Structures are given as structure tokens and as C-alpha cells.
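The chain below stands alone and is given as C-alpha cells, in the form predicted on its own.
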Amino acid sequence: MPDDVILQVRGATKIYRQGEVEVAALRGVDLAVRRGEFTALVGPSGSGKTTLLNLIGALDRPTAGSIVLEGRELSELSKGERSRLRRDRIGFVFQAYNLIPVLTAYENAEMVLALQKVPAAERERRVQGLLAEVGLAGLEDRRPDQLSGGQQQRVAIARAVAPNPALVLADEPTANVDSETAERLLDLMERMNREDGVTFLFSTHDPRVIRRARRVVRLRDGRVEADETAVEERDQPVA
């Protein structure tokens, strides 16, 4: 696997059983993601986008095929190793935010760093800086129910990138916010991608996300239908 490819999916297949019936959510998907990419997975409902993100995020296992993140084959990891991989190397931005209601914005953003036992002074430096970067300076002590949907998603983004993950997986990150907030969130993630080198992989139906992506992978019926790279990137073929 080339050094700049952090994720390699080969022949990923996922079959669910519903009684006596087998449903193939993914059918032999191949995908490579390089460091610093800003990539959208798109396709109609049922195309396999979220299933693929769940496999890449070590939340589920493929029925067949392999998923390698930073040189580690996910199916070969123990339950504990998969948990540590999710904690340390993968950032998640969920459609429903998934913030802990009893924690403040600061505590939600700090949570993974605390689990990693990062020293308190370093946690404070990193979290305060990120919350300021996402436009939440002064709102650190508010709980999720005291924040708007867009503000909650900003906390989720700060939490996702705080541990410096190899890859941020964002499942429909603009689905529950208004158009103006969606554009601001995309501005934020695009800036983090370009200035800080954060690698983003989105699952989305949103034309605004698709327009911003520098690579668009189209899924249909569990297969890759097309893999389109923006003009500025076309001279750099994907492995």
C-alpha cells in the first residue's frame, strides 16, 4: 500500500440475513483514500454508503473482503484493539450529533482526550483552541440542550478532530441543520482539511457537500458506480 494511502478497501462485501432471506448491502467495493482527501460517498438510499462507513469505522465487520487502515487489517484486530483504533485513529461526526447530554460543550470535546489520558494542560490547550476555531468561544460551559443544532454539530466536529485522528468519518453531517449553518460547517471542515491536513470521508445526499468535495465516489446497489476527482486533483491518480 503506498505511503500516502491511509485506507485501502478491497472487495468489501456485507450481507445481512433477514430470516431466510439474504440482503447484500455491499458487493465487492474497492476504495483507496489518501491522506488529506476531502471525499464524498454519494448514492441513493440503500446504496451502501452508511454500511461502508460503518465497516471503515470498525463498527461492523465485512462478510468478505478486507479493510486496511494505516497498514492494519481491521478484521484481524481483537475487540479491544478495534475499540482503541476507533478511539485513537478515527473521528466520527454523526448525523444526530451523539453528544452526551449531561456534559458541557467543553467536556464533550475533551472526552476522547481524557480517555486517552492526555495531560490536563494539553487537553485544555487543544480543546479551548478547537472550540474557538469552530466558533464556540464563550459557550464552553453550555450543555447540548442549550446549543442550537449547528452549534452541537460544531462540538461534534471539535470532538472528532481533537485526538488528531488519521481519518474523520462524517455520516450526513449537514442533514439536521439549515442551509446557512450547513455552509458554515462545510467552510469549517474544508478549512481544517486544507490548513490542518485532516482527512474527511463523508456519506451524503447533500448537493452542497458534493459540490465542495474534491473527490466523489458514487455507490449504487452496493457497488462503486463512479469515482470522480475534481479537476485540480486529476493529475494525482488515486492508488
Partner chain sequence: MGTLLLHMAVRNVLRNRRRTAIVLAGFAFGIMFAVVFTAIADDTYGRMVELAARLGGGHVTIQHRDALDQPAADKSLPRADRIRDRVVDVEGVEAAVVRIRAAAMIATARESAGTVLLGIDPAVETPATLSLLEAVAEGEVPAAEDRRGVVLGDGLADHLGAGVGKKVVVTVTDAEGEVASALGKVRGLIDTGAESVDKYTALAGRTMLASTLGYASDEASLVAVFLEHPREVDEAVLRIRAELADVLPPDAAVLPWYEVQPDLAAYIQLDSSGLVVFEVLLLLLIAAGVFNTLLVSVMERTREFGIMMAVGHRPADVFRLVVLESVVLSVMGLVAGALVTILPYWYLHTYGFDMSSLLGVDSFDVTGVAVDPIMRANIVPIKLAIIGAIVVVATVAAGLYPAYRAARIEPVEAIRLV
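Residue numbers count along the first chain shown, from 1. As the structure is a computational prediction, the values presented were derived from the model and not from experiment.
What comes next is about the form predicted together with the partner chain, which does not appear here.
Participant: Find the only residue in E183, E70, E190, D60 having a heavy atom within 4.5 Å of the partner chain in the predicted bound form.
Facilitator: Looking at E183, E70, E190, D60 one by one, just D60 meets the 4.5 Å heavy-atom criterion.
Participant: Heavy atom within 4.5 Å of the partner chain in the predicted bound form: which of S78, N98, N164, S148 fits that? Just give me the one.
Facilitator: Contact with the partner chain in the predicted bound form is made by N98 alone.
Participant: Looking at the partner chain in the predicted bound form, do all three of L26, D30 and S45 come within 4.5 Å of it through at least one heavy atom?
Facilitator: No, none of the three is in contact.
Participant: Taking heavy atoms only, is Q128 within 4.5 angstroms of the partner chain in the predicted bound form?
Facilitator: Outside the cut-off, so no.
Participant: Contact with the partner chain in the predicted bound form for V112, defined as at least one heavy atom pair within 4.5 Å: yes or no?
Facilitator: Yes.
Participant: Is R154 part of the interface with the partner chain in the predicted bound form - any heavy atom within 4.5 Å?
Facilitator: No, R154 sits far enough from the partner chain in the predicted bound form that none of its heavy atoms falls within 4.5 Å.
Participant: Since only the chain is shown here, I'm wondering whether V102 would be in contact with the partner chain in the predicted bound form (any heavy atom pair within 4.5 Å).
Facilitator: So V102 counts as contacting the partner chain.
Participant: Given the stretches 195-203, 210-218, 51-59, 30-38, which is the single one in contact with the partner chain in the predicted bound form, using a heavy atom cutoff of 4.5 Å?
Facilitator: Checking each option against the 4.5 Å cut-off leaves 51-59.
Participant: For the stretch 82-101, which residues lie within 4.5 Å of the partner chain in the predicted bound form by non-hydrogen atom distance?
Facilitator: The stretch touches the partner through S83, R86, R87, F92, F94, A96, N98, I100, P101.
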